[in-house]
Each structure stands twice: as structure tokens, then as C-alpha cells.
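In C-alpha cells, the next block holds one chain alone, the form predicted alone.
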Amino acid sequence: MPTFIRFNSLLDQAQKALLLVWGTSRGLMLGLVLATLMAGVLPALAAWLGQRIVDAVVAAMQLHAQQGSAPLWPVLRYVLLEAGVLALLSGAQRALSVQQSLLRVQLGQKVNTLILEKAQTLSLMQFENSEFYDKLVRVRREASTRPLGLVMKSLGLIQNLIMLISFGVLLLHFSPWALVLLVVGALPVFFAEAHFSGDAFRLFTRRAPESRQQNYIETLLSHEAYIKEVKLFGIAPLLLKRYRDTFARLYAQDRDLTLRRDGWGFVLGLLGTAAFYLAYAWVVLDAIHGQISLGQMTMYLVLFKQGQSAVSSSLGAISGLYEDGLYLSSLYEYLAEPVHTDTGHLTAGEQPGDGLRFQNVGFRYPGASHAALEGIDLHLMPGRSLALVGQNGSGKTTLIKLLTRLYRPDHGRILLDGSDLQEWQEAALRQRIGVIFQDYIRYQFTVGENIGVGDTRAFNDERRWKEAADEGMAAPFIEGLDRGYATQLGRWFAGGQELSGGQWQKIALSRAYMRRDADILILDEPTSALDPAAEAAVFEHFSQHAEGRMTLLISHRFSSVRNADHIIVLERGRILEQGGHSDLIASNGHYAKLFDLQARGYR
């Protein structure tokens, strides 16, 4: 990446940031602009008044020496004016600080909301891509503050430019070459900062995976869901070593960049210091030779000092704008991630009652060596149940994700009531599906809210919570909790109560029952944490609830699977066997061997 500034790109990024801030709070934005203008003009006015004070004091001293007295009002008038100007300058700077603080909070919220809203439009496949996840981490870590930083640097640049223009008008009376000396002295530091800003951004981008790994190790060592296993297995020392090693690598990179950046900044900064003292000597010599007054000398020295600071700040702001723009580009790159638009229009199928059909469905994960599913054909009618059996990795959960449109088939079609799933409105399709995944979420909400998320239209409906809890076999233990359905679950928040694995599973089952309109019920290992008696009771309730509905069950427990109307055995993404329980046992194939193997444990 070149060290010079690409002004078109820089201006484009600044414009986007300004529009973002303007959309966040117009009042604060206008206040910042007004305070910036005042802070840019007032220093030059203060310097000019300082000259007037010194010259008025010198004149008063000479008059006092000649006449024995001198009027004080000419001096006091300028002193009062300068005090007023400095009070206004202090107010403008305070206004900048206050408005910047308020805007930072609002803008951080707005950008984070944009990030989270965008995340809801992306596919599951994008979230499972490590490169995309690195991008998301970079955006969430930096982009909530960078837009305001870019805007503040832009306003700071405008403020400094106004100061320089006003300083320049006064310095022209001294010499045009003084302006040249002021600018040239600050250029070396600027070029160094621009170069190292690009290096810092590339370093930040390149090491995002390592930073994410560090965050993951922090989670393992501090999260209540993982700390039991970490302690029991004694892996904390191993994780801490990996954490320290990763930190050492990242720190070494930071240290190298910091030393080079500040080292060159110091060396090149000496050139700016030399330029200032050259101007200093020039002004002093002119004052000694009587070419300028003592007040003018004081004013020019202040102008040179503040002018050099303004030039350095301006060039530093440009360098900072460049760095913020690079970081901000990650935000816009993320927001520009391709989004699949839901073009589905159907809320009902062309053949009501035809049920669910998979026709030669195949799917392969990006970068995978073989297909997760291949040549899948099945038909599930309303009122019928289908069980999927197979080893881990055989494609059972992938099939569910295709059915729920979390993935799209690479080839073949999935039909619901005679219409392709892709032609259904996504919301209408998912209202027809009640699902509990094996890795269901344990929300750190109240009991009722944990159940209510199953149907957001009835999220706060206590009557619906209780009905769903009855069907999910969770009602008895919920009623025994101190606050019933208002009990806070989990340990993250005050007063939270942890549940057993089986109780959590019943909460998740109840969540699936919240969807009254669902005629496709999907249960992925729904009873893995339940004891045999509770499992039998759950499936008895489930069979009653499932009447007239299509039921799809994934389970490794054949006591649950055997009651399904149709069983499909998957192996390496293909259908190996299918049929009813009795037929599969009679065929003495893979299913029969697995059933017999599991049955031995109960004999």
C-alpha cells in the first residue's frame, strides 16, 4: 500500500462518515461544526490582542517615563478583550468535548445496530466461513468508534486550516517565506505517520484470527459453560500457555511497529523543531534591528509556535484520516456483503396436503472433499412421522438445515405441498416449522421468555407459556421454582437459577410447542438429556401433539426411533436403507445390527 494519501478515497470515506454522523444527530453535528469554527478563528484573534497589549504596555511605559503618568484604559481595554476571547475559546473547546462525548455514545449504538441488523440478513453459510468471521470481529472491535474519530479528525483539520489561514494573514506582514518554513518543517513527520498508519492497518487485518483465538481462550477460561471441564481436565495451564504465547507474538509485532513509528517520528520531528528555532532567531533579530516592535515579535513567536503545532496537527489529522478510513473500509466492506433477497411469494403450496418431498437433493459444504448429502429422495405426508438414523456426520442435521432453508441445495429440489421451498415466503415457511436443535440455546432470560421465543407473536403471553410447558413436560418443575415463569435462568445475571440438562431440554421442547400453526415438527436429539421414564412420557405427549402433522425425528435412541412410521438410515450423506422398523429388522441390514447392538445393553 503506498505511503501517499489517496485523496479521492479519503474524501469518499470522510463523506460517508459525515453522513453517518449527520444521520445520528443533526443537532450535535451542527454544534460541533459551530464550535470548530470558533476554535479555529479565536486563537489568531487572541495572538493579535496579545500584540496590542504588549505594544500598549511599551507605549504606556515610554509615556510614563516622559510625563510621569500614563492612561491605563488603552492597556486594560485590550486585556479585557483578550480575556473575553480566551473565555469564548475555552467555551468552544468545552462544547467540542461535551458534544463529542454525547455523539460517541449515540454513534457507537448506531453503528453496532447496523452491524447486528446486517448480521440478520446473512446466511448461515457466511457465519460458518472463518474469513467472514474474522471480518465481523474486526468490524465489531473498531468500527463503532472509527466513524466518529474520522469526523472529529475532519473537523480538527478544518479548525487547524482556519487557524493557519488566520495566522497566515498575520504572518504575511512579516514575510511570505515564514509560511513556507512553517509548512516544510512539518512535512517529514507527516510522511512518516502516513507510512506507519498503513503498516498498522495491515498488521491489524493480518492478525485478526490470532486475536479471535485469544478471545476464545479467554471465554474458555472464564465462562461458566466451560469452566467445569477446564478444571476437571486440568487444561488451564495449557490454555494459559497458549494465551501467553499468542500475546507474546502479538506484542512483539506491536513493539516493533511502535519503536519504528516513534523512532522515526522523533528523528523527523527534530527537523520541525529546527525550523521553529530558525524562525525564532529570525524574528528576534528583526526585533533587535528595530524592523518590528516588541509586541509584533511576541505575536510572531506565538504564531510560529501555534502555527507549527497547527500544521503538525493538520498533517497528523490527514494521516489519522487515512488510518481511520482504512479501518472504516472494513465496516463498509462488511455492510456490502452480498445478501440473498427472499424472492419467495407463496404462503400456501400448489398441492395442499402433498406434504414434504426431497427430490434428488444434494449439498456440499464449501471446501469439503465430499458431499454432505447426495441423491436424497423422500416423501413425508401429513400425519406421518419420519426418523433419521445414522452415525455422526452422516448428514442428518444438514438435511434439517436444508429443510428449514438455512442452507440451499446445490442440486435437486425440496417441495412443500407441491411448491419448491425457494418459492415460499421465508416467514410463512418458518411459521409452519417447529424445531428443537440438538445444540439449542440456553437463553439467559426468564423461564417464560425462554419458552416464548418459540413464537415471538406470543412472546409475552403467559397463558401460551403454560400450555407449551404442559406439552413439553416442563410445567411440574417450573411450578416448583421460587418465581415460577418469572424465574431468571442462568448465572450471568443477578438472581439467576441454573437448571439441570434434562430440565433445560424440557424448556427447549416447550419452546418448539409454542408454534401452534406449525405442521412440521422437527426434533433433533430431543431427549438426549432425559432419563428413560421422562423420555417415554415426552414421546407419549409428542405423539398426541403430532396428530395430523409431519414429524421428523433425529435420535440415536432406537426406543424412540422404532415408533416412527418410516425410518431412513443415512451413511456418508446417502440413503443406505429405509422402511418401517419391522421391515428393517427383517432385512437384517445395518439398522438391524445397530438396533441389536443397542438392545444388548438392556438385556
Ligand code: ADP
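Start at 1 and count along the sequence shown; that's the residue number. Only a predicted model underlies this, so the values are computations on that prediction, with no experimental measurement involved.
Below, we turn to the form predicted in complex with this ligand, even though it does not appear here.
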>> For this ligand, considered in the predicted complex: do all three of Gly580, Tyr591 and Gln598 come within 4.5 Å of it, counting heavy atoms only?
In response: no
> Counting only heavy atoms and a 4.5 Å cutoff, which of 132 to 140, 241 to 249, 396 to 404, 429 to 437 contacts this ligand in the predicted complex?
Replying inline: 396 to 404
> Could you tell me if Tyr365 has a non-hydrogen atom within 4.5 Å of this ligand in the predicted complex?
Replying inline: yes
> Does any heavy atom of Gln391 come within 4.5 Å of a heavy atom of this ligand in the predicted complex?
Replying inline: yes
>> So, Leu489 and this ligand: in the predicted complex, are they within 4.5 Å at any heavy atom pair?
In response: no
> Ile520 near this ligand in the predicted complex, any heavy atom under 4.5 Å?
Replying inline: no
>> Quick check on this chain: which one of Ala372, Met297, Leu96, Leu157 has a heavy atom within 4.5 Å of this ligand in the predicted complex?
In response: Ala372
> Can you pick the one in Glu128, Asp420, Asp286, Glu218 that has a heavy atom within 4.5 Å of this ligand in the predicted complex?
Replying inline: Glu128
